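Take a look at this one chain, the form predicted on its own, written out in structure tokens.
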Amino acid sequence: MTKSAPLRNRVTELLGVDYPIVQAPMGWIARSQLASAVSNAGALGIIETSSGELEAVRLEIAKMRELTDKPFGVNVAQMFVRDPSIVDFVVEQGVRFVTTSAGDPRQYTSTLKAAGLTVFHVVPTLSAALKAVEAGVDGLVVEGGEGGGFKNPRDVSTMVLLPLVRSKVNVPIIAAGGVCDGVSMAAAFALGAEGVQMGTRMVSALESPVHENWKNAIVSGAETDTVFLNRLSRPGLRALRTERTTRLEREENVSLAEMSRIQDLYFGGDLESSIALTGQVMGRIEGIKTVADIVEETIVVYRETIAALSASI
């Protein structure tokens, strides 16, 4: 496949990649099989820690070095990894880029930066963004409430949150939530982003390790086929609508114990056994494609969209 010319901006320079596209750090999913495909496509693969399985993560990082010679990153999910030694762990792996999430940005930022790493923090609100910038992060992942996964119960859409944060900070922003292609990437850039993060789109990719049942549910689902759980407690969760999650949607406090059989869903294909964290953008995903095709098509359509808008002025 002929690859598009690199896109240069602050995000690609900081990450050392050709294209400012980042794969979301989804627990158990964001491991070497998927992340290496993303990095090899010229974007940035991320290895997760939200599974809490740090020994497995160590092995996955080692596999990454066998599968790609391109840059990749690690996410530190503070809700699930509370041991401060995670900083030493990441540094020892030779990782140069880290996203931190689900916690206070002041906890690890200074230590990670002192070790020479580039740090972006994931934020769901303006106040969180300002706190992260004050803590010294290099950039932000601004995550709208339409995205899948763990959410602020008081969710704000990307359309509102992204330009709001951009108007108040000068650091590079990666937009997350509702992004799956070149059109949504162009929209994110118009709102102030310099990069995008894809979660649900990458879950449905050919190289994604999840069961075909989940991929097919994403491809066949409508934009209304997600639920938001725990609006009255924490953490909020956006997930695929199933009989189980439709029932849980009515409960005030959904325990994370409901996700105890997550691997039966992710890899066994039993969509009722747990909670499949999925974003509203599933309604725009119409097929299972290779990561290379997703990245290439995104960049091509992004450039076509920007050119068409420019020509229309």
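A residue's number is simply how far along the shown sequence it sits, counting from 1. Treat the numbers as computed from the prediction; the structure is a model and nothing was measured.
What comes next is about the form predicted together with a further copy of the same chain, which is not displayed.
Inset, instruction - Check each of S274, Q280, S51, S32 and return the one that places a heavy atom within 4.5 angstroms of a further copy of the same chain in the model of the complex. - result: It is Q280 that has a heavy atom within 4.5 Å of the partner.
Inset, instruction - Would you check, heavy atoms only and a 4.5 Å threshold, whether E286 touches a further copy of the same chain in the model of the complex? - result: Contact with a further copy of the same chain, yes.
Legend entry - Contact flag, L126 vs a further copy of the same chain in the model of the complex, heavy atom cut 4.5 Å: Residue-level check for L126: yes, a contact with a further copy of the same chain.
Inset, instruction - Considering only heavy atoms, tell me if S184 and a further copy of the same chain come within 4.5 Å of each other in the model of the complex. - result: It does: once a further copy of the same chain is placed as it appears in the model of the complex, S184 has a heavy atom within 4.5 Å of it.
Inset, instruction - May I ask you to check whether V179 falls inside a 4.5 Å heavy atom distance of a further copy of the same chain in the model of the complex? - result: Although a further copy of the same chain is absent here, V179 would touch it in the model of the complex, with heavy atoms inside 4.5 Å.
Inset, instruction - Using heavy atoms only and a 4.5 Å cut-off, decide whether all three of K168, F189 and S312 touch a further copy of the same chain in the model of the complex. - result: Looking in the model of the complex, the three residues K168, F189 and S312 all sit within 4.5 Å of a further copy of the same chain (heavy atoms).
Inset, instruction - Could you tell me which of 107-115, 90-98, 226-234, 207-215 sits within 4.5 Å of a further copy of the same chain in the model of the complex, going by non-hydrogen atoms? - result: Going by heavy atoms within 4.5 Å, the stretch is 226-234.
Inset, instruction - For the stretch 225-254, return the residues whose heavy atoms include at least one within 4.5 Å of a further copy of the same chain in the model of the complex, in the order they occur. - result: R231, L232, R241, E249, R250, E252 sit within 4.5 Å of the partner.
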